[in-house]
Each structure stands twice: as structure tokens, then as C-alpha cells.
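Read the single chain below, which is given as C-alpha cells and is the form predicted alone.
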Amino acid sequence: MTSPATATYWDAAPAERTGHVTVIGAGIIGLTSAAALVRSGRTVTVLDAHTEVGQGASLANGCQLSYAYVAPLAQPGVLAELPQLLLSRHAPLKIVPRWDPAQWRWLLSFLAACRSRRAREGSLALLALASLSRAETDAWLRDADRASLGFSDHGKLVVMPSEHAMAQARRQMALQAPFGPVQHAVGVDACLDLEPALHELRHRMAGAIYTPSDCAIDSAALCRDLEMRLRARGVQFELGTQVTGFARRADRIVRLETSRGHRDVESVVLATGAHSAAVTRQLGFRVPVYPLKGYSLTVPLRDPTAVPRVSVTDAARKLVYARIGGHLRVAGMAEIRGHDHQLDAHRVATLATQTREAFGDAVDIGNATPWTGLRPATPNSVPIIRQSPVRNLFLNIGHGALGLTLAFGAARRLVDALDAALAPTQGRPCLNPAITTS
């Protein structure tokens, strides 16, 4: 018998397949959903409007597999920062008000989620999902060429700017201790011993939280790996196919209308990221998913010895630094400003300046590749993984900035939701039940 420590992803797959599922979305969430569905014995087709997989928020994100540091964005301290979030051009989290009822509903729910009790509940829910995701991701990676995926397992440092921030981080670490991976609060000297390449940041560090088990991986490369291996398992991909409508009979979807004609469906999984709220409105219900716009730079390395091997989060500036092969991925900032895909030159310049300040000539800023993407967020940062009011439509949406970390675990929960729908008495509650019928 294969032990859990050596089991590969497919070891639990049944010999026969029953039922067909159409997955809408070929980002990291849709692709891991397809993998878990195939492993559960189902036949799968994946649709996406893009002609390649992983072209949305999965394309150039922060690349961190952050299983231990999964605190919700909504925290009690956010309320005191509201004036800065609304008025400062330089705020790492910025609110840009729109004449958009969906934005205001989301913001009101976000502010309600900033209460201490709600933040604690969100942290524990995310930790449980992250723990499951770690086991599922590890199983997938046992058969993978990790080098081609830019995978590294040197741990992560979350660098804190003040003693007050360190005290808050220690409280969060204590909350997580019974549920998450081992973490250590370290002083400045110990932090630099762990990662000497952070020397230029010493003057604005009070310490760090170190998680030895956290990892980094190139999300876009992982998406391509998923596609290749899923095709080998018989998954059909219809890329360049836009879903334009749904034909229903009673409480079920019977047909999808697409840019390439219609297709009959048995069950459907929605993994459409930041577009999910617009899709569910077509079907008569609302989900609290709104885009958080983020930015990244992919920077070639000149001197790899002077760039961190450990994955780093700068808590003050809400930036992450992750090594992927011969490049440094710098990602961060969050703007609540709607479906805006334009690269803000000021934000890109800020990322470049901060990276140059941290690592100087060790990185080739002049040849950096900028990117912006929309992270699909819920107000409490907990994704929505459940059966929808439409009986054969299942949701795997709202993963925010943690999509890469949570993807494989969320896919496992999705299969639980499908199984529970077929045998309700054997099911268990699904994650984040927040849905409103229009």
C-alpha cells in the first residue's frame, strides 16, 4: 500500500468514470478543479475565452505558496486607515470609489468583516483550507518536474516595519499555532542570518515571521503543467471559447451558449475569477466577489547571490518577492477600483523603485516585465466553494490573493460539494455560503 508521504495525486483515482462536468475557466482554479474532478471519476471538459490556459490572475501573480500566512485582508486596523486608503496615491491598499452598486455592497461587507471576531473566523477557515491544499499540492508535485515550474522550498519571511506590527504578528501567529505550520518570530539579526540579501532593508525592519515550510512556484508554468497532464488523462479543452449565455430547464442548466455554438451540459463548475459576479447575475443570483487589482514585475537577475532565495513579504508595503528560476517576481498593491485592466505607470514605477532600493544592481530593472491582474476577492477573503441555487451549477470562486495557495485544496472541497449534492445526508457544509438571490 502507498503511504500518504509517497502517494501521488492519481493514486486514489477510481478505475471507471461516471458523470460529465463542464468547467468554465482555465486559470489555476479551473485547472485544479478539473484535476480533482477527473480523480473523482468524472469526465471533464474545460472552456475558456482565452486561447491559452492561465491568462487571468494566474499569469504573473506573486508566486507564493503561503500556507501559514493566510490572514484575511479585512482586519480591525483597516478602519483606522480608511482616510489614507481613500486619499493617498501611495497607499498599498487603495479604494477608488465608483458609481457601482456592486462595489459599495462589497465595501460595506468588507468593513463589517473587519471586526476582530470575523477576522479570527476567516483566519481559521483559511488555515484549514490551506492545510488541505498543501497536502493536495504536494501530491501533484511528486510527479512534476519541479525545476521547470520554478519551484523552491526555502521558506518565507514576512518582514515587519515596527514593534507594534511585530506584536500584532505574534498575536496572529499565536492564533494560528494550533492549526497551521510551524512559525517563528525572529529579530532583525536572525532575519538577516536567514536571508543576507535583505541587508538593504535593515533600516526599516523590526523583525519578521519566518515559516520554514512555505514555498514558491511559477503559477503560469503550473497552469501549463496541469493542462499537459490533464490532456493525457482525457480532459477536453475548448480554449478560445466564450460562454455567452445559459439555457435552463426548471432549476438546472441544460445548455451553454458559446462563441462556437451551443453545447449540452450535465453539471457545470464556475471558476471564472473576477468575472464571476457578472456570470451569476445572468443566472438570477449574486455572489460577493469583486476584483482587487494587483501589479507585478518579473525582473531578470544579474547577481543571484544578492537576491533572496527565501520568499519575502514586505508587510508595510504589501509587496512580495519570490525567486522563480532566473527571475525575481515582485508583486503587490491592491486597488478596489472595478474591472480596470490598465497598467498604472505610477504604480509600476513604484514597484521598480522599491525593488531597486532593496536589491540594487543585483536585478535588471531596465528589462523588467510589468503586469496587472484582477484578483477575485470576497469581503472576508474566504472563497465560495459550494453548490449554487442552480442545482447543477457549482461554484469555486473568490480566492483573492490566495488563489495559487488554495487552489488544490479548493478543488478537493469542490468535489466534496458535488458528492454532497448527490448524497446530501453524507455531505458537509460548504465554504463561505454567502449567496443572494436577485
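Note that residue numbering follows the sequence shown and begins at 1. None of the values given here were measured: they were computed from a predicted structure.
There is another form of this protein, the form predicted together with a small molecule, and it is not shown here; the text below is about that form.
J.: In the predicted complex, which of the listed residues (Ser40, Asn61, Thr378, Ser388) lies with a heavy atom within 4.5 Å of the small molecule?
T.: Contact residue from the list: Asn61.
J.: Mark Phe110 yes when one of its heavy atoms lies within 4.5 Å of a heavy atom of the small molecule in the predicted complex, and no otherwise.
T.: It does not: once the small molecule is placed as it appears in the predicted complex, Phe110 has no heavy atom within 4.5 Å of it.
J.: Could you tell me if Gly409 has a non-hydrogen atom within 4.5 Å of the small molecule in the predicted complex?
T.: Because no heavy atom of Gly409 falls inside 4.5 Å of the small molecule in the predicted complex, the answer is no.
J.: Spell out, yes or no, whether the shortest heavy atom distance between Ala208 and the small molecule in the predicted complex is within 4.5 Å.
T.: Looking in the predicted complex, residue contacts with the small molecule do not include Ala208, since no heavy atom lies within 4.5 Å.
J.: Do Pro72 and the small molecule share at least one heavy atom pair within 4.5 Å in the predicted complex?
T.: Pro72 lies outside the contact set for the small molecule.
J.: Given the small molecule in the predicted complex, answer whether the residues Ala169, Leu301 and Phe359 all have a heavy atom inside 4.5 Å of it.
T.: None of them does, since no heavy atom lies within 4.5 Å of the partner.
J.: If contact means a heavy atom within 4.5 Å, which one of 135-143, 292-300, 185-193, 172-180 is the stretch that engages the small molecule in the predicted complex?
T.: It is the stretch 292-300.
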